[in-house]
Ligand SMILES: NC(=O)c1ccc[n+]([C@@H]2O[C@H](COP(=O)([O-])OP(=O)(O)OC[C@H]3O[C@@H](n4cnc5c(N)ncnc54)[C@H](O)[C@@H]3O)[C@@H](O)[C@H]2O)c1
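Shown here is one chain on its own, the form predicted alone, set out as structure tokens.
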Amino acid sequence: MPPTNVCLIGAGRAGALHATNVHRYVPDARMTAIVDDDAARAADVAAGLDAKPFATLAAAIAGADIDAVVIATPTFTHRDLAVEALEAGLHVFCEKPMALSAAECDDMSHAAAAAGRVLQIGYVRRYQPEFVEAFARIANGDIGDVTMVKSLTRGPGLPPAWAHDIALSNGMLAEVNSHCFDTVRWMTGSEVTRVYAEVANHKGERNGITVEGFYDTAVVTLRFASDAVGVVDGVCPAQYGYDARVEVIGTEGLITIGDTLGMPVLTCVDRSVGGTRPVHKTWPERFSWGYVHEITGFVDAVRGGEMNGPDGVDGKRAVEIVVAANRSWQETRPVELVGAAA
């Protein structure tokens, strides 16, 4: 079978990481096209991967041999790009969050079903080894029935400028914490039925952000159909580093996933201040192997293997939670998720 030809749409940090991982780690695939409206950026990424740069997906479809696309563009573009690719007969890997609304998610899933193509959503934690191991232990019953789950994500830098506007991004709860919402659904095996959110803006003014509705700190409480409860929190920017941790409590025990330490190294120089240990600095560092396994799994599914990654339903559920959480803090009340089932 010939290699799977992949087109990257969006040559920013996340997109370039996916393209590099395909090039380095997936022998059954090759990058043939890079799409970005910044011509210089597209050309720069393409040059290192022996791919062709294009300004639009339509131009790439016409000018390159493509079997699948990786979408790593701003959230408000996901629906249209995914539908365009699927209707052209291409498989789609779409970075999280899937889209801005449940209706947009449905459009993407319906297009994938009509085309008979793979639609996978970029929830990398489902591929990170320690998260996979924890899920296996929970599924095995090692801690009994899940009663509580806590997940946090704190990013060291500001999100991109477009993401400051909640109308274009759904805010930090989508851009940062959608990973958390997918993780807690995955770990509990249950749907979220009610959310209550509190948010705050502590650093926006000092960073020159004046967009209405911007927040950089959030806490969301969750109720699940299984009767488990949960908490998700987020901070962005959190200057101390990149932090992603999960705690799952069951009737018979506890599982914790992750820590703040970047590597098991302790530096002791001045005894008056004690030792120092490095922390995770960035998300590509924290989830480096998860990103490799994620894109490898996508290519395997494209080539006829089992599709076992997060799909359109998973993407839609996370979007629904985000939308409900935003509504909660805006209306200062708990919000029910209609139709959620265990």
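A residue's number is simply how far along the shown sequence it sits, counting from 1. Remember, it's a predicted structure, so these values are computed and weren't measured experimentally.
The same protein also has a form predicted together with this ligand, omitted here; what follows describes it.
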Can we say R13, H78 and W283 each have a non-hydrogen atom within 4.5 Å of this ligand in the predicted bound form?
yes
Using a 4.5 Å heavy atom cut-off, state whether R41 contacts this ligand in the predicted bound form.
yes
Consider G122 of the chain shown here, and say whether it contacts this ligand in the predicted bound form, taking contact as heavy atoms within 4.5 Å.
yes
4.5 angstroms heavy atom contact with this ligand in the predicted bound form for E95:
yes
Taking this ligand as it sits in the predicted bound form, is A72 in contact with it (heavy atom to heavy atom, 4.5 Å or less)?
yes
Looking at A318, I9, A324, V22, which is the one with a non-hydrogen atom within 4.5 Å of this ligand in the predicted bound form?
I9
Of G157, G253, G262, P160, which residue is found within 4.5 angstroms of this ligand in the predicted bound form when only non-hydrogen atoms are counted?
P160
Can you check 144-152, 95-103, 186-194, 219-227 and let me know which stretch has heavy atoms within 4.5 Å of this ligand in the predicted bound form?
95-103
Residues from 312-328 in contact with this ligand (non-hydrogen atom within 4.5 Å) in the predicted bound form
none
